[in-house]
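Only one chain is given next, in structure tokens, and it is the form predicted alone.
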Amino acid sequence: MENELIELIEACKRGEPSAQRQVYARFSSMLFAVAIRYTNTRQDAEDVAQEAWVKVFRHLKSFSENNSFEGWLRRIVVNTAITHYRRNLKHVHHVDMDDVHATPRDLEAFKDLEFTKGELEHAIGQLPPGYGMVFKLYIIDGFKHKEIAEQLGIDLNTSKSQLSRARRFLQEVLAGMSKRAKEIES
């Protein structure tokens, strides 16, 4: 870790407001980007980011310079987003894998097609909240189904079925986008 960042973190640990402002300015965009990936609205992302910053400064003394500061921040934001999701969850659906009839071929059906980063983000943003949370945790952040199930308070099979359904949903959205693009080209 660079010396300047270590000094800033140490100053934050001492409670120096100017150092806290500098850390906030340096990492707020990254922290917000992670928050918005796990929420459905900008307002929810702002709430998650604000709550995460409170946790960052409250628990900064537990951070060890031997670890990645950005990784530590990301973990706090993801955990805060999960807590936010669980707190706002209206209905918990436990679905057994036996109830999932179709097995999607992931996004392999689209390997010959090209989508921009923006198009993929738009498609992922359309996922229903449960599907989206599991998809992002599994695909983007690399959590295992067991970890996802524990963090979200759902059954392991529910995590698997939510991922399966998210993939199927994305296939349909991307197929529609591809079809519309071909129609425009014609």
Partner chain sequence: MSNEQQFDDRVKRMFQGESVAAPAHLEERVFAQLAPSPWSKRLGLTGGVLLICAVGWWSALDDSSESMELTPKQTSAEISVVEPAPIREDVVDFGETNGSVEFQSDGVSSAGQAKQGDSAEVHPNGLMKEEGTTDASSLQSETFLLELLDRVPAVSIDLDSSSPSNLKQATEEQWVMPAVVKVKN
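None of these values were measured; they are calculated from a predicted model. So that the term is clear: the rigid core is the largest set of C-alpha atoms that superpose within 1.5 Å between two forms. Residue numbers count along the first chain shown, from 1.
Omitted here: the form predicted together with its partner chain. The next part is about that form.
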In the model of the complex, do L8, I76 and R86 all put a heavy atom within 4.5 Å of its partner chain?
no
Indicate whether its partner chain has at least one heavy atom within 4.5 Å of a heavy atom of V34 in the model of the complex.
yes
Please tell me whether any heavy atom belonging to F69 falls inside 4.5 Å of a heavy atom of its partner chain, as the geometry stands in the model of the complex.
no
Even though its partner chain is not shown here, does F57 get within 4.5 Å of it in the model of the complex, heavy atoms only?
yes
Mark Q50 yes when one of its heavy atoms lies within 4.5 Å of a heavy atom of its partner chain in the model of the complex, and no otherwise.
yes
So if I measure heavy atom distances to its partner chain in the model of the complex, which of the stretches 126-134, 151-159, 34-42, 60-68 falls within 4.5 Å?
34-42
For the stretch 11-37, I need every residue with any heavy atom inside 4.5 Å of its partner chain in the model of the complex, listed N to C.
Q20, R21, Y24, S28, S29, M30, F32, A33, V34, I36, R37
After superposing the rigid core, is the C-alpha displacement of S161 2 Å or more between the shown form and the other one?
yes
Did Q20 shift 2 Å or more between the shown form and the other one, C-alpha, core superposed
no
If I superpose the two forms on their rigid core, does the C-alpha of L31 end up displaced by 2 Å or more between the shown form and the other one?
no
